[in-house]
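Below sits a lone chain in structure tokens, taken as the form predicted on its own.
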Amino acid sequence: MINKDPIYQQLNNELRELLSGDQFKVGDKFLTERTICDRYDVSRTTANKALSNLVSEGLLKFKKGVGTFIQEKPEIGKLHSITSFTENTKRAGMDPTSEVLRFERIKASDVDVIANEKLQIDNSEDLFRIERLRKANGSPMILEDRFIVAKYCPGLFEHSLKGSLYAIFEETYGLNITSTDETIQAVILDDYQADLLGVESGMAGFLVSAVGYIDDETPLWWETTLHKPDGFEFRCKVKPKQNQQKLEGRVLFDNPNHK
């Protein structure tokens, strides 16, 4: 049967299999783009994209002017835990920054009914609304709009929102983030969204809608994150549990410096 996966995805699979073998150890220098092109008969663009994905996954680390090095060996059956954009960006060897576009305290009655339903609250509750533009090495990647149940985070205005909110939730407020429930869909970017993400209006983007839970059952936030079209890949693994299938995954992005 002909493999209909994109060439770079087929190459990703080949390189992961190579990484999982005995040829390379953690800390070793990995294949160069030129070597990959020659060995697998692919273009330099395809080789670059595959390497960038492996860097984003944390398997390789890119050192400017030197090459890529083995940072972690693939593990069969390993599920990605919940991690922040800040953490994933740093693991990819890039510098994460956030531009705060909006930070306000509002009443739930002023929010779309869908958000209130997701958060399981009534109109009398207070919420923090935070809109941020998330960047990697200065390149805009994600436009984030998040609603947080205010009673769990008193004094949030006193904290900088330019880093990881996960860290603030866990380290400052002692909240135990246990899971997220996410949906992904393709959308068309409007002028405002496209301008912030640095792409042309009318292009397709990926919208991830998510509820974040503490202590398994309690909603803490509801957010929509809009990902630019050339910086998004969703990976998931299926793990049977109690005769059901549970999907877990994370958002990955290409390294803009690894072009």
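So that there is no doubt, residue numbering starts at 1 and follows the sequence shown. Take the two forms, find the largest set of C-alpha atoms that superpose within 1.5 Å, and that set is the rigid core. Quick caveat, the model's predicted, so the values are computed rather than measured.
Below, we turn to the form predicted together with the DNA, even though it does not appear here.
Only one of 65-73, 206-214, 193-201, 221-229 lies within 4.5 Å of the DNA in the predicted complex by heavy atoms, and it is 65-73. The closest heavy atom approach of E57 to the DNA in the predicted complex falls outside 4.5 Å. Heavy atoms of R44 reach within 4.5 Å of the DNA in the predicted complex, making it an interface residue. Residues of 90-124 include none with a non-hydrogen atom no more than 4.5 angstroms from the DNA in the predicted complex. The two forms, fitted on the rigid core, differ between this form and the one not shown by less than 2 Å at the CA of V208. In the core-superposed comparison between this form and the one not shown, E33 has its Cα shifted by at least 2 Å. In the core-superposed comparison between this form and the one not shown, T224 has its Cα shifted by less than 2 Å. Relative to this form, in the predicted complex the C-alpha atoms of T178 and L60 approach one another by 3 angstroms or more.
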